[in-house]
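Structure 1 and structure 2, given next as structure tokens, are two forms of the same protein chain, each shown alone.
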Structure 1
Amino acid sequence: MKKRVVQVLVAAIGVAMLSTACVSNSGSKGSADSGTTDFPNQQMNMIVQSSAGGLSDQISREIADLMGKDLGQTMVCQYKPGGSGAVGMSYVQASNPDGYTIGHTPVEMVMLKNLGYADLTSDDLDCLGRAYTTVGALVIKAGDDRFSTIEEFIQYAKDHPGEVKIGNAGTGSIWHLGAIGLENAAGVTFNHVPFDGSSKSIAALMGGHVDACVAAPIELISGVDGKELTVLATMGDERAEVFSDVPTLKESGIDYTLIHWGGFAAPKGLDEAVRDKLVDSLEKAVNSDDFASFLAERGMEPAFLTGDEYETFISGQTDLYKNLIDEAGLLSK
């Protein structure tokens, strides 16, 4: 008797779950043919090209949240880490271009092919728009008695060629290439030491194992507030809001800028109306107050860019990094 009841119960639960599963499934089939008028009518996917917890994850989640609210659907973040984002971005490229899958495409997008990680360029994706920028910052351990300003630092590096140890987030990462660009612009040579990610290189800086690091402000804010780190210069065109009393490289007479940026992209072949809706929604999300304050806390700026302007920007960045990658001896044929 009791067994019967359990069996019936299990069957009932099964049927209930099956029907839920079918509903969500039939939804996906329906939307593909029914055109765009009711886009979006089911859950959407945001492909994050890194693992959970990093900057990419936080930004993608925030944008997914804001866009989801705007479009009236939930947008779920899915993580596809690996190969500096190559896995995730290639996944977006290969996805069904129905508008239900978009992905986060940070600056690495323009480097993947030249680094030889994936045969993928910005032309293989439908780049919807840029969402944010953040400047590079040159940072040293607080209380370093050899240098306390950017001028002293460059002078020291000139006097000791190849001796200043610069930590970065990994060979071929933007901060490694950025430091190479700085070498060129300032006419110095550093000893580049790659770590497994920014946080490890900053820990090594705090522990005095390297002399300086190039990193994004978000990684530095708490260390600077706690007087563990000193930012010597930021690398934007203008001073960064979080470190407003720190000069830019340009102010210090070094003509060099380095910004990290990121946008969002969909697979090629979107329906025009769907694309417009996505771009429109992304623009609203990026320009919202929520996003602005979200980024401000993290030392970044919202910077929406789309269409031709974005394309020009991307091609400029592609060339810039191609040169730097070549300089680093990493260019793949």
Structure 2
Amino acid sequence: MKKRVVQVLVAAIGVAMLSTACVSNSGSKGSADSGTTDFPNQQMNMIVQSSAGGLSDQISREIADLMGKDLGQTMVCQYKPGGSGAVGMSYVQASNPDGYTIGHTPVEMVMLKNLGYADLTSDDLDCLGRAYTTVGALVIKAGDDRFSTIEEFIQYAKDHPGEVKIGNAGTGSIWHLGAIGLENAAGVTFNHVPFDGSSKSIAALMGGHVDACVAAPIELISGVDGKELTVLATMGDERAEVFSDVPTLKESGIDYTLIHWGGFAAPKGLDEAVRDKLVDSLEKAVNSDDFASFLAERGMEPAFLTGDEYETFISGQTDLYKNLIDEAGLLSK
């Protein structure tokens, strides 16, 4: 039923946006038909596929600021949460391909069709480039006297099967699949609780409505610094620099890793000159010292890819997550 509601919502947005696109194509300033030599010459839009406050928001705002400065135009973030990113990415897909609308495309982009949330794949967008990678982290509310280490947490979950509530950024999101992967690797059973974005799942954790969350370091730092949250383990091959005192799952005897990545895309059909400008500006932003410092403070790394290299990477990730979704029993039939 939930998948059906999301599909209807995405379809409705798609129809509305396609109608808008048809109107704006006939006389929009800066459209593909009106010439591209002065692109961009007006405000640009960055579509964020989640709620404000989470990883997608912070990354999108930083890239929007850097690209806006490079291109000489203001780039404004607009929030379109829902359906594990389906609403926001479908909005980008249906927008006018004039270069004035781009959107954040996290790893969930390769999952939406397999989950039945939207009839959308990377082929339906103009994927400009990958921007970053990061790791998953398991976090609890500070002061929870039931468990203070990852070993105690897993033992508690074994002793209370199905009772431990794990918040995530939405059904089928990377953090939902991350929690399922942890569940399988540790031999436990969790109660998975979806929210529209990580910021809401973390707020629920702070409010005592769930027992733990899987999220990215960037989404947890303020809560950890404020002594409201405690990170039990990170999910990379090595410790996250920002949480250097926190062990990885592998160190704790759980053979499991989870890497999150994301990039940016535009509607299909960009003028080649416009696309080149956007890719060039994105590459400058990702490879800038400002972005590197921004990511380092949050346990993330710049990781620019574009062109054939990015397409090959996306293809491999699509196959990988299709298998994970199938294993989780979420594959759309």
Partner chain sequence: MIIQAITAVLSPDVLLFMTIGVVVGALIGALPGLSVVMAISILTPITFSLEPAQGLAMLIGVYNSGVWAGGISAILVNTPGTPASIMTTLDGYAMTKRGQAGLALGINTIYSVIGGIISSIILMIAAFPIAKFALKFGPAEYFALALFGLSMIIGISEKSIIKGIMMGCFGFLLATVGLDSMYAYPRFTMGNMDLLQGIPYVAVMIGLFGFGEVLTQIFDSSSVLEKKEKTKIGRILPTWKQFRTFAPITFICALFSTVIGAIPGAGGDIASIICWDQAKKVSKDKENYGKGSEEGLAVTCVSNNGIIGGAMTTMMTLGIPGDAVTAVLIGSLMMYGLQPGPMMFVDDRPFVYKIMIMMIIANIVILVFGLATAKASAMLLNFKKEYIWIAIMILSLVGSYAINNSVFDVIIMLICGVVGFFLKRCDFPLPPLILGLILGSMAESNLRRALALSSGSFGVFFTSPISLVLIVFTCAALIGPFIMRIVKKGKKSEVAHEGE
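All values derive from a computational prediction rather than experimental measurement. One-based numbering along structure 1's sequence throughout. The term rigid core refers to the most C-alpha atoms you can superpose between the two forms while keeping them within 1.5 Å.
Q | Form predicted on its own - which displayed structure it is | A | Pick structure 2; the other is not the form predicted on its own.
Q.
Superposing the larger rigid part on its C-alpha atoms, how much does the smaller part rotate between structures 1 and 2? Whole degrees, please.
A. 26 degrees, smaller rigid part against the larger.
(Q) What does the CA of residue 258 shift by between structures 1 and 2 after fitting on the core? Give it in Å to one decimal. (A) Residue 258 is displaced by 3.1 Å at its C-alpha.
**Q.** residue 200: CA movement between structures 1 and 2 [superposed on rigid core, Å]
**A.** It moves 7.8 Å at the C-alpha.
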